[in-house]
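Have a look below at one chain only, the form predicted on its own, in C-alpha cells format.
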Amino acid sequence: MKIVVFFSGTGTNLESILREQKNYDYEVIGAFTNNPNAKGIEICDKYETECKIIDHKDFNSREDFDKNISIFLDQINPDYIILAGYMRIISKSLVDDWEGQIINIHPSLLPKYPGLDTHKKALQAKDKMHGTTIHYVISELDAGPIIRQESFEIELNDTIESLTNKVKEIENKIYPETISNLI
C-alpha cells in the first residue's frame, strides 16, 4: 500500500509514520506540506522522502490551491492520503476526488471538539476522558466515519501542554499501526 503524508508543522506524526514503515505494510511514496517553513520538511530529508511544498498563501482560493494538490496526487497516485497535522481544510472537490482514501488523526474523542483548541475545550468542560480519533475525511470538518479512538483519563493536574503531550504519544504509536490495517 502506497501512501502520501500531508503535514503543516513539526511533523511528529509524520516522523512516526516514516520511522515505522519498515515494520508495517505501507510505503510512504511522498509527503506534502502547505507550509514552506514546516519543521517536518527536515524530517522528510532525514528519511530521504520527497516532499512537495505548495504554499497556500500563493493562491487566491482554496479551490485553486487544491487543484495544484490534485496535479501532485495524480502524478504519484497514492492508495491513501494520510493527514498528519495538516492544518488546512480540504475543498469538497478534492475530498470527492479521493473519497474513502483520505485519513485524518484528530486530537479529541470525536464527535467532541472538531476543529482547533481541543485540549483547552476538554479542560474547560471538565471532561473525565480525552484522547485521539483516526477517521475518514468527508466534506464536513472532522465528521467522517471513525476508524479508531484511543482515550485516557484526564488527571487533576493536567494542562493544555500535558494533554498535548499525552495525545501525541498515543498518536505516534497508533497511527502507523492503523494505517497498516487499512489494507
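Residue indices: 1-based, along the sequence shown. This one's a predicted model, so the numbers in the text were calculated from it and none came from an experiment.
Keep in mind that the form predicted in complex with a small molecule is missing from the display, and what follows is about it.
Original post:
Does T10 reach the small molecule in the predicted bound form, with heavy atoms at most 4.5 Å apart?
Top reply: Yes, T10 is a contact residue.
Original post:
At the 4.5 Å heavy atom threshold, is I71 in contact with the small molecule in the predicted bound form?
Top reply: No, I71 is distant from the partner.
**OP:** Determine whether any heavy atom of M87 comes within 4.5 Å of a heavy atom of the small molecule in the predicted bound form, and answer yes or no.
**Re:** Flag for M87 set to yes.
Original post:
I81 near the small molecule in the predicted bound form, any heavy atom under 4.5 Å?
Top reply: It does not: once the small molecule is placed as it appears in the predicted bound form, I81 has no heavy atom within 4.5 Å of it.
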